[in-house]
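Alright, here's a single protein chain in two forms, structure 1 and structure 2, each given by itself as structure tokens.
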Structure 1
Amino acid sequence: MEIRLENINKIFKGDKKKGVEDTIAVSNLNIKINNGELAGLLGPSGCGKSTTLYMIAGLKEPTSGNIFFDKEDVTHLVPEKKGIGLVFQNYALYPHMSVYKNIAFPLTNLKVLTFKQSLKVKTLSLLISLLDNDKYLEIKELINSSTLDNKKINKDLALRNLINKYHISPSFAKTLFSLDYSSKESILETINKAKEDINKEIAKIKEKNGYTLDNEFYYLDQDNKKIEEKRKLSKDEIDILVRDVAKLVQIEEQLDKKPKELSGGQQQRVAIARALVKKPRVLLLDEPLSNLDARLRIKTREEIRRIQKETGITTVFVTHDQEEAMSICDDIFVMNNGKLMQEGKPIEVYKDPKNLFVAKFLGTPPINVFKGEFKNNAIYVDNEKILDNVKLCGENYTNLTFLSCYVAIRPEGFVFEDKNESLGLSLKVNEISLSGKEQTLICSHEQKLSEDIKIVIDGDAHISISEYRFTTKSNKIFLFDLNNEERIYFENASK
């Protein structure tokens, strides 16, 4: 499912009497999310990303603009009819229901249009196929081995084993369990009885409305066409779907527990399972990892990525954590103050930020911003030349010989002990933190605009608390306009 937002605006009405201004939560937003993609809406809190998500979900209605799922306009469709799955920030699991019931809940509302099938004949045929040709010995063996401490056969365990092995419903498992496996004769008798019942049922269907059954037990009318019917899912069908999705998110063992008996990560999985179980067209995740601790967060985001890849479902993921978005998203949409700042593949956005906001927002440690100048075809910070042979691009800038601007340098853009006398930036190192293969230096500088200057260099470099001169990598330097904070592109002829 492709999702398209066209000129979306969302204004929360203020109260003029009380002097509360209207709040523009989202303004003129255009987003296209491709089919099967994991897209991240990224931005600081209050940037309108959650509002955007809720508008896609239908829980909030846009003030103007349109939302499309493929070619269908779903702007004003109520959430009930949108066919989406939504995972809430605090999961919103029903605390009074077991995990199983939580996951099954969406299915109990679902109505499906299917071809009419004789479930009775289907079940009986399945029974025969499982028992015939001495295959019943396998089942017998499985039941007999379902013991705790090698004592008595544990019924619940046996049922669970049967369900897991043969992928059958609990009621059918109970039928299998209750059969008499003592002799071959009794099994043959069961098989014959089932065959008899099948013939009886087929005759009954024929007699009642003249329908016949095809090989897969679908009803066929006189013209050999399948009969359609709209119905709710049966308990057995729900059971299979719930167990399938529980397996996908790996919570099969927790199905009988109540949500509050689970850990945060498990609750998260249950919430995802509940959103996925009805096979939605789109999966929406609202800050899904914010309630988890750091380690679990990394694990769970990989998990979300895996589940998304396995199901191939178009997913929108809202987060304020750029690292999260960068690590798992196919495409990210960076938002600020209700506006889309930049979109694209995470690495491309990182390498090529279009404005100061995006540059500052992406990357850990954050980018270092200085006040600097362009003059004499070189870039200066505090009268130190950090890059020469520079030519500005863009019609507003090409002819300029002098320009004050923001100079932003990524932490990994500094090089230590480079023997270049003419270029470089002097920084006072205040703190050093070594983390294995690299070390992070916290420095200060007269012209810094970001809180700290953090630079990352090779862990082997010998450095102490003192002042050093660093050279810089040209592709890690970005210039931004002082007025509108837009990117100023430049060409560097020296490399």
Structure 2
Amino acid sequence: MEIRLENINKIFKGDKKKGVEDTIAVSNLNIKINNGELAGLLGPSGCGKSTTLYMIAGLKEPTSGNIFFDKEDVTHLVPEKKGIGLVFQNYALYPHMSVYKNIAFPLTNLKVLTFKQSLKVKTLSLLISLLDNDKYLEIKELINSSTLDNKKINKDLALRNLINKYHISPSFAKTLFSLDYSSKESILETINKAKEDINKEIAKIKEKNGYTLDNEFYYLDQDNKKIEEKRKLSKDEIDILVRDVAKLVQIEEQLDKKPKELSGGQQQRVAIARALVKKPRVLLLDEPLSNLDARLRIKTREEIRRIQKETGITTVFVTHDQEEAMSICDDIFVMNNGKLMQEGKPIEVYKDPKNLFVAKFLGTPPINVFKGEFKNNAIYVDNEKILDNVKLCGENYTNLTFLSCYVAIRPEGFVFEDKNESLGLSLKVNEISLSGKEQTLICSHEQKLSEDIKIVIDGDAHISISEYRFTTKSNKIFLFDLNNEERIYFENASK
């Protein structure tokens, strides 16, 4: 399912009598999320990302603009008609219900438009296929091995094993369990009885409605067309859906528990299962990991990615945590003050920020920003030349010989060589933090505009609390306009 937002605006009305101005939550937003992708809406609190998600869900209406699912305009559809699954930050599980009932809840009163099917004939045909040609011996062995402490057969365990093995409902599992497996003759008798019942049911359908059945047991009219019907799901259909999705999110062993008996990560999986059980067209996740501890967040975001890949469902993931978005999203949409600042593949956006906001927002540790200058085909910070032989690009900058600008350098863009270089930036090292292969230096400089200067260098470098001159990597340096904070591109002047 492709999702398109075209010229979306959302304005929350103020109160002029009280002097409260209108709030522009989302401004002229245009986004396209490709079919089957996991897209991240990323930005700081109040940037408009959750409001955007709620407009996609139908919980809020845009002030103007249109939202499309493929070619269908769903701008003004209510959530239940959009076919969305939504997972909130707090999960909103029912504490008095079991995990099973929490997942099944959206299906209990759901009416589905489907093709009429003879469930009786379908069940009898499945019974024959499982018993015929000595395949019943596998069922017999599974039941006989369903014991606790090698004692007598445990019925509950046998039923669970049958359900999991053959992907069947509890009622059908009870039917299999109750059969007489003592001889092949008794199984053949069961098969012949099922065949007789199938023939009787088909004859009954023909006599009553004039319908026949196709190979998948759907009703066909006189023109061999399937018959549509709108109905509630049966208990067996609900059970299969619940167990399928529980297996997908790996909580099939927790179905009888209450939410309070689960860990935070397991509760989150229940919420995702409940959102997926209706087989939605689109899955929407509103900061689903924010209530988990750091270690569990990493594990759970990987699970979200696995589930999304296995289902192939188009998913929108809202987060303020850039590391989360960078690690699992196919595309990210970076927002600020209700506007889209940049979109693209996470690594591409990181490597090629279009403006200062995106450069500062992405990256851990964050990018270091200085007040600097371009002059004499070189880039300077505090009269220290950090990059030489430079030519500015773009119609507004090509012919300039001097320009004051922001100079931003990624933490990994510094090189410590402990020798006198003609190019480089002098920094005072105030703190050193060693972590495995790397060490992070917290430094200071008079022209710094970020809170701290953090640089990452090789863990084997011999460095102490002192002042050093660092060279820089040209591909880790970015220039930004002082007026609009847009990117100023540059290249080697010799080209």
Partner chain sequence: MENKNNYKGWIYLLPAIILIALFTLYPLINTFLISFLEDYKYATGSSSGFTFDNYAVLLGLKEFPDYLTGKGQIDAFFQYALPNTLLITFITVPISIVLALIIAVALNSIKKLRTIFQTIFFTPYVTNIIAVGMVFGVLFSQTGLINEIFGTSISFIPGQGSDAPTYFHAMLVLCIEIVWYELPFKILVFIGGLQSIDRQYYDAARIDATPKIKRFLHITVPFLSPQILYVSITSFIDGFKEYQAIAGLFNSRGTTSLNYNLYTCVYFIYDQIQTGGQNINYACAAAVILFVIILLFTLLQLYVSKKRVYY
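Note that the rigid core is defined as the largest set of C-alphas that superpose within 1.5 Å between two forms. Quick note, the numbers are simply positions in structure 1, starting from 1. Predicted model, so just to flag it, every value in this text is computed and none were measured.
Chemist: Looking at both, which one would you say is the form predicted in complex with the partner chain?
Modeler: It is structure 1; that copy is the form predicted in complex with the partner chain.
Chemist: Taking 2 Å as the cut-off, check whether the CA of Lys151 shifts that much or more between structure 1 and structure 2 after a rigid core fit.
Modeler: Yes, its C-alpha moves 2 Å or more.
Chemist: Is the C-alpha displacement of Lys135 equal to or greater than 2 Å between structure 1 and structure 2 once the rigid core has been superposed?
Modeler: Lys135 C-alpha, core-superposed: shift of 2 Å or more.
Chemist: Is it true that Tyr397 shifts between structure 1 and structure 2 by 2 Å or more at the Cα, once the core is aligned?
Modeler: Stays below the 2 Å threshold, so no.
Chemist: Aligning on the rigid core, what is the distance the CA of Leu179 moves between structure 1 and structure 2, in angstrom?
Modeler: That residue's C-alpha is offset by 3.9 Å.
Chemist: By how many angstrom is the Cα of Lys195 displaced between structure 1 and structure 2 when the rigid core is overlaid?
Modeler: The alpha-carbon displacement, core-superposed, is 4.5 Å.
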